[in-house]
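Only one chain comes next, encoded as structure tokens, the form predicted on its own.
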């Protein structure tokens, strides 16, 4: 399979938005997606971006039946651990179903790891749904460990009205 991995640019936001929705549909949570193409453009390609991205592309001859050549992506950002120091957090890793099992997901994840290490990061963090056995197996094969099982941590969230209430002095 011929493909390339490169840094995402502003023109990729339409395809990234499409693939975010495809990922959300696969994860059965599409009703939660509020991010738009415009949000991605503003949040990822401004002076102080909130995230970085990479895309996987195939040549025109291998495009999808719908005409897409951008067939995978990863979004990531730098974070910090009070125990370990610099970290990279991979928000999304997605490859369109017909292109899975061809090394594209591994190449995307490897690139995120390379970029994190180049920035001095000592760990790569991400979440995966507990029912997604294919992804859990994939990540385990890359040498990743489940910190929920190993250390008992749970991901917590505060949003909407609760976040507004929490932000009150």
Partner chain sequence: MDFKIRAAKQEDCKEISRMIIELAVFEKMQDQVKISTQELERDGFCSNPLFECQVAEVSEEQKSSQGYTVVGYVLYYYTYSTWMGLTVFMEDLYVMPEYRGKGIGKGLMSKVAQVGKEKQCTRLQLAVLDWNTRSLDFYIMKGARDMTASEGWHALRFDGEALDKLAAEAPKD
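Positions refer to the first chain, counted from 1. What you see is a predicted model, and the numbers here were worked out from it, not measured in a lab.
Missing here is the form predicted in complex with its partner chain; even so, the following discussion is about that form.
Residue 145: touches its partner chain in the predicted bound form, heavy atom cutoff 4.5 angstroms: Yes, residue 145 is a contact residue.
is_contact(residue 8, its partner chain) in the predicted bound form, heavy atom dist at most 4.5 Å: It does not: once its partner chain is placed as it appears in the predicted bound form, residue 8 has no heavy atom within 4.5 Å of it.
Non-hydrogen atom contact residue 65 with its partner chain in the predicted bound form at 4.5 angstroms: Although its partner chain is absent here, residue 65 would stay clear of it in the predicted bound form, with no heavy atoms inside 4.5 Å.
4.5 angstroms heavy atom contact with its partner chain in the predicted bound form for residue 130: Yes, residue 130 lies within 4.5 Å of its partner chain in the predicted bound form.
Residues in 118-138 close to its partner chain in the predicted bound form, defined by a heavy atom within 4.5 Å, in order: Counting only heavy atoms within 4.5 Å of its partner chain in the predicted bound form, the contacting residues of 118-138 are 121, 122, 123, 124, 125, 126, 127, 128, 129, 130, 136.
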